[in-house]
Structures are given as structure tokens and as C-alpha cells.
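The data below hold one chain only, encoded as C-alpha cells and taken in the form predicted on its own.
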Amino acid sequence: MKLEIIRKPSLEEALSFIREALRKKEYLVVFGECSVEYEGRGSSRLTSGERMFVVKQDGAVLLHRPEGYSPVNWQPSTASIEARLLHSGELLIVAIRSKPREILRVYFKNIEAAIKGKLMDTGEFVMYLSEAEIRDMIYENPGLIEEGLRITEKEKPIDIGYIDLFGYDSSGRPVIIELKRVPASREAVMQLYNYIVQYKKKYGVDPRGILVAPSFYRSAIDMAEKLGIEWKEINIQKLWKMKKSMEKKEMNTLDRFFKH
């Protein structure tokens, strides 16, 4: 891994640095004071503040504030990313996504540091629990999804398939939960939506639908919001640790029982 770093560059120096990174499709991180404008599925404006701007090697773009793990603005892929200096004395980075059409404009007043380079990552991402184990953990601990949730069935049959988890919320409304142990896609949203439609058709009641996964593609989130489907991220590593802790307690209980 070879990285280049510039500290407190002039905007002209930063522009040259950023353009080279974009041309080579390198990983780019920029720290500085900026404001942001977004147009696309809606529109938003973020006033000036110190932030971290990231362009990944595949063109994914993220803008992070100093606190919180989620980016305040992001685009999973881009048709083009350009940088230029404005007459106002700011450095502008424009990221354009074609489908759906989205435009992110980041205006830097100054730049404290920037990093660029190529990263290599051929590691395998290993999940800690199977989908069935995740299902069983949530079945036994429904509060992981929502306080007051009561889960009554696993693998509930419905004409078009099997509902992973079925139950009722604190107000008594039916809840259909679809689980994924990998990042959830649009197809997962549609699968859950079809279960909701079929349940309503069969029982005449409109249930809530909650899609549960370790992460979500932006297209999945967009589709879920469009269809009125809820989504919840779960930390599988934390679930795994919780499962191990419960198993350890059970073993200690058995040990004490047999010793007596």
C-alpha cells in the first residue's frame, strides 16, 4: 500500500492532488471545511463545517461529519466526479450519479489535509451466524428489533413462501419480519412486500413489514421507503457474542447442577 499525503495545501495544490487521484481512480480522503448541496430524490443543503470527504476506488462517495458512524451524504456509484476552482475562492467537487439522477456538490473553503493511494483487499468477509441462528436469536429476544414486540411463529407458511418471523407489536398489529445475513437488496424488499400483500389479501389485515439485515444497499432503502417498509440494521458480531455469552451461562448452570 502506497499513500500520498499533503497537509495544509493551497486550494490550487489541493485541486491538482484531487484531480490526479480521480484520474487514477485512487482512494481519496479530504479533510477540510466545506458546505454541501444535494439534488436528486429530494434536495438538501448542509452549511459550513469541518468534515471528511471520501471517494472510493469504485466511485462510491461519502461525506462524514465529526460524529456518528453514518455519512451525512453518500452515493453508491457515480457517473462522473469533477473538481474545479470557483471565482468565489472555493474548491468545488461535483459527484454525479446517473440512475437515479443525483448531484452532490461539495464546496471546500479550505483543506487541512488530503490522502490518496491504491488499497488492495482480497480478504473474505465471514459472517458469524447463519440466517437460521439469527432468526432463532431474534425469536428468543424480540426486543432486539423493537420494544414490546411479541414473536409467535418462525417460518410461518403463506401461499407464496415462508415468513421468517411473525408476531405482533405493542399495539397488536401483525408484524412480518424478513431476515438477511448479507447486505439487503431491492429483491429482499420486494420479497417482503409480496408477503405483506399476500397476508393482507388472505386475512384482510394490513401488517407491518420489517426487513432486518447487517446492512442495506441504497437501492433497497429507496425501495423500502417508497413501499412503506421498515428496515433495521443488526450487528451480527454482537449477536454472536450475545449467543456465546448465553451458551457460557448455560454451561456454567449445567456444571453447577451436575457437581451437586
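Start at 1 with the first residue shown and count on from there. For clarity, every value in this text was computed on a predicted model and none was experimentally measured.
Omitted from view is the form predicted in complex with another copy of the chain, to which the following refers.
Screening 110-118, 78-86, 170-178, 152-160 for residues having heavy atoms within 4.5 Å of another copy of the chain in the predicted bound form returns a single hit, 110-118. For the three marked residues, Leu3, Ser43 and Gln57, a heavy atom of each sits within 4.5 Å of another copy of the chain in the predicted bound form. When you look in the predicted bound form, the only residue of Arg208, His64, Lys232, Arg218 with a non-hydrogen atom within 4.5 Å of another copy of the chain is His64.
Screening Ile196, Val29, Met223, Val212 for any heavy atom within 4.5 Å of another copy of the chain in the predicted bound form leaves a single hit, Val29. Another copy of the chain in the predicted bound form is not approached by Gly228, whose heavy atoms all lie more than 4.5 angstroms from it.
Tyr139 falls outside the set of residues with a heavy atom inside 4.5 Å of another copy of the chain in the predicted bound form.
Contact check for Gly204: every heavy atom lies farther than 4.5 Å from another copy of the chain in the predicted bound form.
Proximity of Gln237 to another copy of the chain in the predicted bound form falls within the 4.5 Å heavy atom cutoff.
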